Every structure is written in C-alpha cells, then in structure tokens.
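Here's a solo chain for you in structure tokens, the form predicted on its own.
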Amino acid sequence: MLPLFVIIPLSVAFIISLIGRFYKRTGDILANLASLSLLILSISSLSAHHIGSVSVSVYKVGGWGGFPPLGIYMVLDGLARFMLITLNLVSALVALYSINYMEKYTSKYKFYILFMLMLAGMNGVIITGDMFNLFVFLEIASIASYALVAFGTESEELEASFKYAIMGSVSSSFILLGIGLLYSYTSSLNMADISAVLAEKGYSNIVAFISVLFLMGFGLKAALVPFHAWLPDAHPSAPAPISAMLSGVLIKVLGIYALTRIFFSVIGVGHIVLSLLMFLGALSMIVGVFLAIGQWDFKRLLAYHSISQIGYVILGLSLATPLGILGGLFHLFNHSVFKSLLFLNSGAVVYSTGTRDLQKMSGLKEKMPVTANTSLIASMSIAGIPPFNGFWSKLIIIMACIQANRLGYAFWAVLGSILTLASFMKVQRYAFFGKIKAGLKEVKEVPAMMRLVMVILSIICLVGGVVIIPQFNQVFLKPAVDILLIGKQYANAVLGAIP
C-alpha cells in the first residue's frame, strides 16, 4: 500500500499534463478520483494497527538493498497514519471545492497538475524513512506550492510567490545543510539508523549545530514566529483552495510533522530544545492573534491566525507529556479542519462579492446563508467555544500546561483564545451580520459543490470532539502519541520491522 500514496498523485499529474488541455473535465475527474482513493487508503491503513502496541510497517523500495544504511525504505506507523488521514481528508474536500471555484481561472488543468504534485510531495514526506528523500519530497511539495500561490498571475500573487519562494529556499538550504552534516557524522541517511548511531556516539557540538539548522529550516516551513514573514502574503494571495491547503496541511506536514519526527524520533529532544519550542509556540500564539485583530483583509486575518494556532500545536507537543502531545496532535487535526473551512468560506465570499475587504461587506448572511452559517461554526471552533472541536483540543493543551506546572503558558493559551474570539466576532459582525449594502444586493450563494464541501467540514467541526472518546482515540490519536512518547526507541521498532 505505501508506494501508492506517492504513485497515485504523481501518475495522475502526468496523465493530466498529457490530455488535460484537450478534454476540459479531465482534471476535475482524475484529481478528485485520486484524492478520494488516497483518503480511502489512509483510512484503511488504520486496520493495520494493533491496539496497545507500537505497530510499524516497513516497505523496501524496489526490493533492493540490505539492512540500513543500504536501501530506501518507506515507514508506516501511528504518527504517519494520523498525518495521512489529516492530509488526504482535507485534500479530497479541497479538490471537490475546486471544481467550481477554479472555473474563473484559465488553464484549470495546470492547477490540478500542480495540486497533485504538491499532494505527492506531502504524502512522500510523511511516509519516507530516510532524510534525503524527506528533502526531495519536501522540495516537490514546496516548488508546486510556489507556483500555486502565483496561479492568478496578478502583481500581488507574483510578489507573494516570489517572497515565499525566497524564504522557502532559505529554509531548504538550512535543512539540506543539516542533512549533509548529519550524514557526515553518522555515515547514514536512514532515520532509524541515524538514531541508533547517535545513541552510540552520544551528543556532540555538531549535533547541537545540526539541531539549530533543523529548527530554523522547519520553523520557517511551519511559519513559527520569528520565521513567519512569508505567510501573511502567501496565504491571502493564493486561490482559496490553495490557501486552505497551505494553512490546513502544508505548514503542518513540511513544518510541524518533519520537525517532531526528526527531533523526537531521530535526534532526540532535550530540555533546552523543548523549552525553546515551548517559548516559540507561546510567542507565535500571542503575536499571531495580536497581528490578526487589526486586519480588515479577510484572508490576511485568517493567515495571521494560522501562525497563532500553530503556536498551540507546538506548545502542546513541546510539553512532551502524554496529555500535551495528545492535545497538540488533536489540535493539529482540528486546525486542519476549521482553518480549511474558514479559507474556503473566504473564497466563497470573494467568489460572490469580488472583495476581501471586511469594511466593504455587510449582511451577507441574507444572501449567502450556507457560507454564513458554516463560517460561524468555524469561527466558534477556532475560538475554542464548546462544544466545537477546537474547544476540546485547546482544553487538553491548557490542562497539560497546568499538569506540567507551566501555569504561565496556560494563561497565554487562555488569553490567545479570548483574543481569537474577539477577532472572529469582528469577522461575523462586518461580513455576515447587519444590513446588506446596496452594492451587494445582487450577490448569490456559491455553487452546490462548494456549499457541500463547506457543510461537510462544518459537520466535522461539530462532531470532531468524539475523536477523544476512547474507542476513536485508541485507533486514531493514541498510536500517534505513542510513537512520539517512545522517543529514540522508535529506531528499534523500525529496524525490527525490516524484513
């Protein structure tokens, strides 16, 4: 099953590039079939997990090579399953939304080519078992995302894409340099083998320097403060489906997932690294929400909230306690859902009104009831209002801070949530409530496919809290938490699973 996560989107991208220009609906049909297939594959992978134990499956690419460091391996474990489901759920719904939304762009089939390449890269990052292919897949996803941000080819999009590409290249340079130094020190690129070698050789100054490089590189990909400068331009400028992908899953897969995988499972996390990540998480949480409050551009406001919500995820993970990691991963999933919904809501508003300026909107609830109601649900969820899914993950993170005697961080998490609520009350007040303006009286609700996707995501926001019920937690979240909790023992689990 494992190679299919990369083979399917790459093959579809190739086929669309050949025949997409001749048959208009080729991209719509093939991209949606591929995304749905990947979602089904992701969900079916849960059945491979044995409850109560760390289950790891290893695939030897090409069937060649012996024991690491020889050979190329793909690895499927609890954390990879969790990330694959999160990624492919969002991408399947975004692909469905794009059928109507991307009609206003020329060369729609090129959008789907880039979309599939980005999806292949992200799936590859999640399942790869070695550092070099992590970098290769990361670059495939990144380069496709640079092009997608500029897809509208207006001056704003091109400027944002250029800035994003420059910052992304700097980030990739840090990561590649770190991988090169790690290879020179361990003579291996296999993650499990590197972890075993580091355990034998012990910690050294070169490993500390490599840790700093990875922290800067993946911190840029995740848009943690102070590495966030590219995000407020890139996310608003991209077409709404790509904004949803960038904020919903890309910064999590290329940033948070890669960061936690390398630090928790390969290099190991010490007190200094955890304290630094905790501080950066709290800083992102507060700086992001303060920058968002003053925004009148709907999509830019959402972009700053991405920085803030990523802070919650990093804070939970960096506590390194079972409850903290559970809260961090749960919030990662929840944020993927409600932030994707919010960006698709903003896309629906732009699609119907032609503006992103909240001051030029008013009373849209009358003309766009589905968009308005789903936006309200997503706003309550991101603000952490019960019983929406965002409440439960934020509550777990705050409880984990208190349990770990980090009362200051618990306070900042609560304050961030209150300010988030204030920010989204402004959105609701100016965009959807009040009297409709004269220039908006002819506005209509968006097409059915776009409405369907927004309704599905809002339903997940409403019922997402059930994920922490033991029956669901045991097969979805707990296996991912267990992988991070065993730390560098992960190497033994992977090496022991190699046929």
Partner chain sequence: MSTYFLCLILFCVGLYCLLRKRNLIKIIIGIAIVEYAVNLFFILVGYRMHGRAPILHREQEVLNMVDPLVQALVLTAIVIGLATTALLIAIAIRIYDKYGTFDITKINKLKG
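Note that this is a predicted model, so its numbers are computed, not measured. Residue numbers count along the first chain shown, from 1.
Same protein, other form: the form predicted in complex with its partner chain, not shown, and the subject of what follows.
The stretch in contact with its partner chain in the model of the complex, judged by heavy atoms within 4.5 Å, is 160 to 168, chosen from 87 to 95, 372 to 380, 160 to 168, 343 to 351. Checking Phe411, Tyr203, Tyr183, Phe290 for any heavy atom within 4.5 Å of its partner chain in the model of the complex turns up a single hit: Tyr183. This chain appears without its partner; in the model of the complex, the one residue of Val269, Leu215, Ala147, Met278 with a heavy atom within 4.5 Å of its partner chain is Ala147. In the model of the complex, no heavy atom of Asp357 sits within 4.5 Å of its partner chain. The closest heavy atom approach of Phe132 to its partner chain in the model of the complex falls within 4.5 Å. Proximity of Glu156 to its partner chain in the model of the complex: non-hydrogen atoms within 4.5 Å are present. Although the partner is absent here, Phe263 sits far enough away that none of its heavy atoms falls within 4.5 Å of its partner chain in the model of the complex.
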